[in-house]
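Only one chain is given next, in structure tokens, and it is the form predicted on its own.
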């Protein structure tokens, strides 16, 4: 049984090359309240390493990463 995470904001970042998905999420996450979740959907394989590195430096938390074909879904909780 997989846990369903409800996103407060969904960001469609498909087709954007590195580093744009992370750049857009770093701005977009400021549009939700602390404790809320942003779902970022990317097709850039580099996102698999970029998002965890960004989360570590920004202090936000990646709750879950799912890959569905070329799409990668990141569920990121705003911590600060």
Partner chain sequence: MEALEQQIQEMKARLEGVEKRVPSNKISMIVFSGDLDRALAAFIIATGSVAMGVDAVMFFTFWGTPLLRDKKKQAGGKDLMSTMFGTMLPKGVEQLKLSKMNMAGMGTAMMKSLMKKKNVASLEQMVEMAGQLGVKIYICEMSMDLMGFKREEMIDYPDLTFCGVAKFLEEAMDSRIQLFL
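Remember, predicted model here, so these are calculated numbers, not experimental data. Numbering follows the first chain given and starts at 1.
Missing here is the form predicted together with the partner chain; even so, the following discussion is about that form.
Contact between residue 67 and the partner chain in the model of the complex is not found at the 4.5 Å heavy atom cutoff. Taking non-hydrogen atoms only, residue 22 approaches the partner chain to within 4.5 angstroms in the model of the complex. By the criterion of a heavy atom within 4.5 Å, residue 10 is excluded from the residues contacting the partner chain in the model of the complex. Residue 53 belongs to the set of residues with a heavy atom inside 4.5 Å of the partner chain in the model of the complex. For the stretch 15-36, the set of residues having any non-hydrogen atom within 4.5 angstroms of the partner chain in the model of the complex comprises 15, 17, 18, 19, 20, 22, 23, 26, 27, in sequence order.
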